[in-house]
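The chain below stands alone, shown as C-alpha cells; this is the form predicted on its own.
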Amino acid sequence: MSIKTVKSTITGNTYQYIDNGDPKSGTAKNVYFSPDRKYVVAIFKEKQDHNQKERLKKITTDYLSRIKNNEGGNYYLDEIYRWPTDIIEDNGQTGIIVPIYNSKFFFNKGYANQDLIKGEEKNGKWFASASFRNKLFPLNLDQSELGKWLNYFQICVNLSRGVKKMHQMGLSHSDLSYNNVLVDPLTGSACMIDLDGLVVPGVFQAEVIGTADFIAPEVLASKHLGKTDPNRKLPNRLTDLHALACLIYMYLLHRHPLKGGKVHDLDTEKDDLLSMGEKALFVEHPTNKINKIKLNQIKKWDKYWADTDKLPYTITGPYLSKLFEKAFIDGLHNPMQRPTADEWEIALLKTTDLMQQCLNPLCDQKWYVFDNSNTPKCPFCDTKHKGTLPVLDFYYQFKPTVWKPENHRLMVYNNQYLFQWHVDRNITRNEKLSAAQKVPVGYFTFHNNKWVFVNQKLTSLKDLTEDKEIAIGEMLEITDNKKILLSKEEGGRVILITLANK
C-alpha cells in the first residue's frame, strides 16, 4: 500500500490517494480514497480525448461556480450532488476529485439476516425494487433500513430538485437511473453521483444512451440509426424527464411503469426493445389494458407491490396521479408533454401536505395519502381512520373581497405543524428557504377531545367565523366550516375547514 500525490491540471492544487492495488472499480473509472477520507480520486480507465477533457473542465469550473454562487448552492453541493471539483493527471491518465459521500449513504445493517452489504453504499436500486422489501425474500433488507413511505416523497423531491437545477443551467444528465443516485430512506435524502458525463447541448453529446429501464422510448426506438442521422434521438433534457418520472414511480410504488404482461416478441431482447421503446405502454393505462401486470407472471416476492388493483398509482394522490398520466400516457411518445422537474417537485410537496399517519402500529408504510373520502383508510393495510379528520383548504385573495381556491389543502393530524409557506403565498417551499422560514408558525393538536390550533408566531391570525383575533400563544378550536385568516399581509391566505370522518 502506498500514498500517491497527484496535481491538478487547472488549479495547481495537490491531492493524495491511497493505492492498495485494489481500487473500487466502476465501468469507466477506478476510485481511490484520500488519506483523510474527505474526497476520492477517480481515474478514468480510458484515455480522455480533447472534447472529454473540455467537458470535465467546464463541469469542474464554470458549472461548479454557477451552483456555488447561486441561492441554495450549499444545499445542492452538500445534499443533492457529489459534484466533481477538480481535474488531475496521473501517469498520463485523467482523473477527477469528488467529495466523499455522506455517511448516511452507507448501510448500517444491510440485509436482515447477514452482514454481506453492511458498510456498502446505498445505491438507489436497493430501494426501488419490491423484492428487497419483502420479509420472506432470502436477501431482504433489514426493516431499519427501509424508512416510511413519507420519506420516499422527500427522496423524490430531492431528485426533482437535482434535475431541475441541471436543466436550469442548460445541462442534461443523459444517464439518470437508480444506479446513479444514492438514497437514504431514513432521512429522505437522495444524492446524484457520477456527474462527469453530463450533456452540454451543442458542446458535448451524450456518450451513452442510458441505463435499461430508464431510457426514453424515442431513444430506444431510434437506436438502430447512425449517430448523425437526423431521426436518431439522443439523450437530452426531455429524456431526463422520462427517467425522472420512472424513478419517482418506482420509489413510490416499487414496480416499473412500462413492464407489464404484453409480449411483443418471443425473442427477449427484441421484446424488451419494443416494450420499452416503440410499443411502450403504461401498465396502468386507464383505457388500454393490454399491458396490465399479470400477477401469475410475477415473482412471489414482488406480488404485493405489483398488484395495480390493490395499489394503483392513484394512491399517490391527485397531484401526482395527474403527472403520472402526463408522463406515461400523454408524454410517453410525445416528449414535449412530459412534466418538468419543477412540476414534480411542486406536486410532491403538495402531496406531503395530504399525508395521514396510519393508526396501525404494524403497518410497514406508516403513512398514506388522504383519499378525499369521508371514510379514509390506509391502502396498505386497510386500517380505517378513527375519529374526525380536519381538512384545510387554502384560498387566496384574487381581488378585494374575492377569494379563490388554491387547489392546495393541508391534512391535520396530532402535532401537525403549520409553516410560513402555508400562510403566505409569496413564500415558496423550495431549496431557497431561509432558516427562519423553516420554523413552524403554529401546530395542530387533539386536546380535550377537540382539535385546536396553537398560534406560535402569527401576528394577525383571525377566526373569521367568530370575528375574533387570535394572539400569539392562544388556541383556536378547529370546527367544521370554520374560516380562518392566517395573515392580513399581502399574500396571506384564508383556510376553510372541513371535518371528514364525522
Ligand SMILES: Nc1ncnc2c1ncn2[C@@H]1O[C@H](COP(=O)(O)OP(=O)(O)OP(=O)(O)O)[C@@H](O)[C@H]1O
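From a predicted model like this one, the values you see are computed outputs, not experimental measurements. Start at 1 and count along the sequence shown; that's the residue number.
Not pictured, yet referred to below: the form predicted together with the named molecule.
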Note to self: Considering non-hydrogen atoms and a 4.5 Å limit, which listed residue (272, 364, 121, 213) is close to the named molecule in the model of the complex?
What the structure shows: 121
Item checked: Heavy atom within 4.5 Å of the named molecule in the model of the complex - the one residue of 433, 64, 31, 470 that qualifies -> 31
Notebook entry, point to check: Do residue 99 and the named molecule share at least one heavy atom pair within 4.5 Å in the model of the complex?
Noted result: yes
Next item on the list: Answer for residue 59 alone: is it within 4.5 Å of the named molecule in the model of the complex, judged on heavy atom distances?
Entry: no
Check: Is residue 194 close enough to touch the named molecule in the model of the complex, meaning at least one heavy atom pair within 4.5 Å?
Finding: yes
Check: Hey, in the model of the complex, does residue 13 get a heavy atom within 4.5 angstroms of the named molecule?
Finding: no
Check: Based on heavy atom distances of at most 4.5 Å to the named molecule in the model of the complex, which listed stretch, 46-54, 461-469, 443-451, 32-40, is the contact stretch?
Finding: 32-40
Next item on the list: Could you run down 123-137 and flag each residue that has a heavy atom within 4.5 Å of the named molecule in the model of the complex?
Entry: none
